[in-house]
Ligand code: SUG
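Before any questions on how it binds or moves, here is one chain, the form predicted alone, in structure tokens.
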Amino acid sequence: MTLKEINFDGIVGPSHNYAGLSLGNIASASHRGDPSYPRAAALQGVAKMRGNLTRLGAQGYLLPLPRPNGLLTEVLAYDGSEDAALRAAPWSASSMWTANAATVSPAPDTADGRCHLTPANLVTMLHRAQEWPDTLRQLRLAFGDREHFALHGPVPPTFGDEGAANHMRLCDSHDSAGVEVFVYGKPGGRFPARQHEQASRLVARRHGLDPGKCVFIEQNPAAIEAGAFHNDVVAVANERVLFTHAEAFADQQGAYAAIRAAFPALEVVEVPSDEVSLAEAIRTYLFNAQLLTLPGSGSGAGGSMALIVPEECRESPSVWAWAQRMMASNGPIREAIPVDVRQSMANGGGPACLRLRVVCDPVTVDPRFLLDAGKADRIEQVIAARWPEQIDPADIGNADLAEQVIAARAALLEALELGELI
């Protein structure tokens, strides 16, 4: 098998809106009630996918989930009242953040030599807790080869699980055995700690991971309070490199020591607080970036890496000044490439939120979920023709808009020959 890391990006759905449903997500809360632009958001996401397809040679995607979710509306017994959150939850397009779709353990790490996936239950937030059944249905199609993939049900809802956004992997190369790092929060703060330690430990056990190759780390409560609702807002890993803010973990030096004990080759690229404040790192989503090893550059410490960052990073004097110093230092991260994902950013998700990393052989994936230039053209054509240009807060719940959103998604599924997901 030829194993490689493939990013599966979520296509932004036609119901993309700013209802501000995510407690603890500063960007989401600050844009609550603003008009959204689903067409622009989705096209921005496809442009990012095109760029990474060119850089890496492989790129996947996951489809928007059915919205509005009539089952959730029925369960909530929604009667048309003025409870904006209840009205908006069934319309949420937050499944576009596929970093929350599942936790993925590649075949080199698991006891049975298969790639294991556990969909996140996302129970902390109503608008996200509805996602996992349709996410699992989609994952079963994309990764249906049972010889190479094992799909599990979600963690029991007593324990909150947020998927890959609180999970990192370190390795010499993507196709070699690695160390998996699970980052959890402790409850009791002003904002909810969404990833529970027992959820992380359960996932590690069911994936058949070697306990000596698992590290469990507490997220810094101050980072959660500042708006880092997931670990991937303050830290990201790729091969031997951990790129992190100095205030990401409850015990920063203890975290490094624990990871090094399991993975001695660890190389830390830490951004000091006096150069980029925690607040500015969260505002610009510097760490909610895609850290990629560029093909042909080698792997591990000898490989050249690129950081795909939001355009907001280039617009921040402190962040961009640090990035320039980093690139000049001859360290492992040699490029910082800004992308425009403003519509996603305004709702609280940057480049890393939009993708789920899966290490596998591309031939084992249902080809309908793998991007090429022709599919990118078809996706953009459907979005340009069918996605709403703008959604205002008062539009949520409108029957005509619901009909348009449903028809737009159906058109995309038809264009990609995935009609069984309707």
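Numbers follow the displayed sequence, beginning with 1. Since the structure is predicted, the reported quantities are computational estimates derived from the model, not experimental observations.
The following text describes the form predicted in complex with N~2~-(3-carboxypropanoyl)-L-arginine, which does not appear among the structures shown.
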Do T103 and N~2~-(3-carboxypropanoyl)-L-arginine share at least one heavy atom pair within 4.5 Å in the predicted complex? no
Verify the contact flag for S28: yes if a non-hydrogen atom of it lies within 4.5 Å of a non-hydrogen atom of N~2~-(3-carboxypropanoyl)-L-arginine in the predicted complex, no if not. yes
Can you tell me if H245 lies within 4.5 angstroms of N~2~-(3-carboxypropanoyl)-L-arginine in the predicted complex, counting non-hydrogen atoms only? no
Please tell me whether any heavy atom belonging to C353 falls inside 4.5 Å of a heavy atom of N~2~-(3-carboxypropanoyl)-L-arginine, as the geometry stands in the predicted complex. yes
Segment assignment from 262 to 270, 304 to 312, 93 to 101, 75 to 83: heavy atom within 4.5 Å of N~2~-(3-carboxypropanoyl)-L-arginine in the predicted complex: 93 to 101
Heavy atom within 4.5 Å of N~2~-(3-carboxypropanoyl)-L-arginine in the predicted complex - the one residue of V405, L412, A19, I11 that qualifies: A19
Taking N~2~-(3-carboxypropanoyl)-L-arginine in the predicted complex, which residues of 224 to 253 have any heavy atom within 4.5 Å of it? F229, H230, D232, V233
